[in-house]
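Okay, so here's just one chain, in structure tokens, the form predicted on its own.
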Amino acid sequence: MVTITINGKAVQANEGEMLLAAIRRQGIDTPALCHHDAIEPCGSCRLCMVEITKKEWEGWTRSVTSCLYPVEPGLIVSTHTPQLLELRKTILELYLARSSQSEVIQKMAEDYGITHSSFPVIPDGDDCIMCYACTRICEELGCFAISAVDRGHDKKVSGPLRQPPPDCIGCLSCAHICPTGFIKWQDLDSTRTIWERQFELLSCRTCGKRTITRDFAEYLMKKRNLPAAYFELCDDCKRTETAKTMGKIVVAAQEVLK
């Protein structure tokens, strides 16, 4: 364990963990849009910036992204100094200029007293803040189906050459991890649509509930060595089947003990 000071309070942190985890464990609200426990941190949104110092630094301070900075013995951390608040306000104004219609960005900005951006608003801006959470989770899965294409104002997340990504498996990992809900998808009957591609949905053989795409099931069979039979039931029916099996075992055991 490592002892650090957060907002004047001495706390214990796990050796090797990042400051953001230690800060949030104390119930301190530190904003972060690009951070998710399922992927490695990258610090792209810059909202989780904190101020650090040590006694031996003799008053010198440094601003760092808390999701990328590991805890150190004797570290003194401040999360809401006037300088940090102004920094976050500026970042949120930039996000408002890019994604003025995003409800997530609007809510975060309002929490900091911002109702409009002082920067020129991009008329055709969208909800994508280029945090790359979607591309990073796709890389973690080993699919590499989507990435950032083009440069500057035209940069966006897409499949190769702005075309529907041929390596996408329709797993929805990118959509679920997106902090602003930019990635749209739809399940209609036995078809899932995402990234301008359509995927066949599997159905539970017991209740008929749609589960995952056939492409995703084939990926899991290959990468996780799961049998095809594993995907014949939905999670609810699997639990029901397990409960029935356990019930039969209990009844059989009771008969033996009589």
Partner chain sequence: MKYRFIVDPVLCTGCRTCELACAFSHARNLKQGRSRIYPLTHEKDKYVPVVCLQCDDAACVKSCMFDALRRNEETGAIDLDVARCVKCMACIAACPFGCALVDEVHNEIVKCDLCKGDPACAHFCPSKALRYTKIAVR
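Positions refer to the first chain, counted from 1. All values derive from a computational prediction rather than experimental measurement. Whichever C-alpha set is largest while still superposing within 1.5 Å between the two forms counts as the rigid core.
Although it is not shown, the form predicted together with the partner chain is what the next lines describe.
Engineer: Since the partner isn't included here, can you check whether the partner chain sits close to all of Asp37, Cys171 and Leu226 in the predicted bound form (heavy atom within 4.5 Å for each)?
Structural biologist: All of them do, each having a heavy atom within 4.5 Å of the partner.
Engineer: Which is the contacting stretch out of 43-51, 26-34, 226-234, 58-66, given heavy atoms within 4.5 Å of the partner chain in the predicted bound form?
Structural biologist: Contact criterion met by 226-234 only.
Engineer: Name the single residue among Met108, Ile183, Ile177, Ile91 that comes within 4.5 Å of the partner chain in the predicted bound form, judging by heavy atoms.
Structural biologist: Contact with the partner chain in the predicted bound form is made by Ile177 alone.
Engineer: Is there a heavy atom of Gly247 no more than 4.5 Å from a heavy atom of the partner chain in the predicted bound form?
Structural biologist: Gly247: contacts the partner chain in the predicted bound form.
Engineer: At 4.5 Å between heavy atoms, is Asp187 in contact with the partner chain in the predicted bound form?
Structural biologist: Contact check for Asp187: no, nothing within 4.5 Å of the partner chain in the predicted bound form.
Engineer: Determine whether any heavy atom of Thr242 comes within 4.5 Å of a heavy atom of the partner chain in the predicted bound form, and answer yes or no.
Structural biologist: Contact check for Thr242: yes, within 4.5 Å of the partner chain in the predicted bound form.
Engineer: In the predicted bound form, is there a heavy atom of the partner chain that lies within 4.5 Å of any heavy atom of Leu220, even though the partner is absent here?
Structural biologist: Yes, Leu220 lies within 4.5 Å of the partner chain in the predicted bound form.
Engineer: Aligning on the core only, does the CA of Ala13 end up 2 angstroms or more away between the shown form and the other one?
Structural biologist: Where the cores coincide, Ala13 shows only a C-alpha shift between the shown form and the other one that is less than 2 Å.
Engineer: Superpose the two forms on their rigid core, then report whether the C-alpha of Ala22 is displaced by 2 angstroms or more between the shown form and the other one.
Structural biologist: After core superposition, the displacement of the Ala22 C-alpha between the shown form and the other one stays below 2 Å, so no.
Engineer: Tell me, please, whether between the shown form and the other one the C-alpha of Leu233 is shifted by 2 Å or more, with the rigid core used for superposition.
Structural biologist: Where the cores coincide, Leu233 still shows a C-alpha shift between the shown form and the other one that is 2 Å or more.
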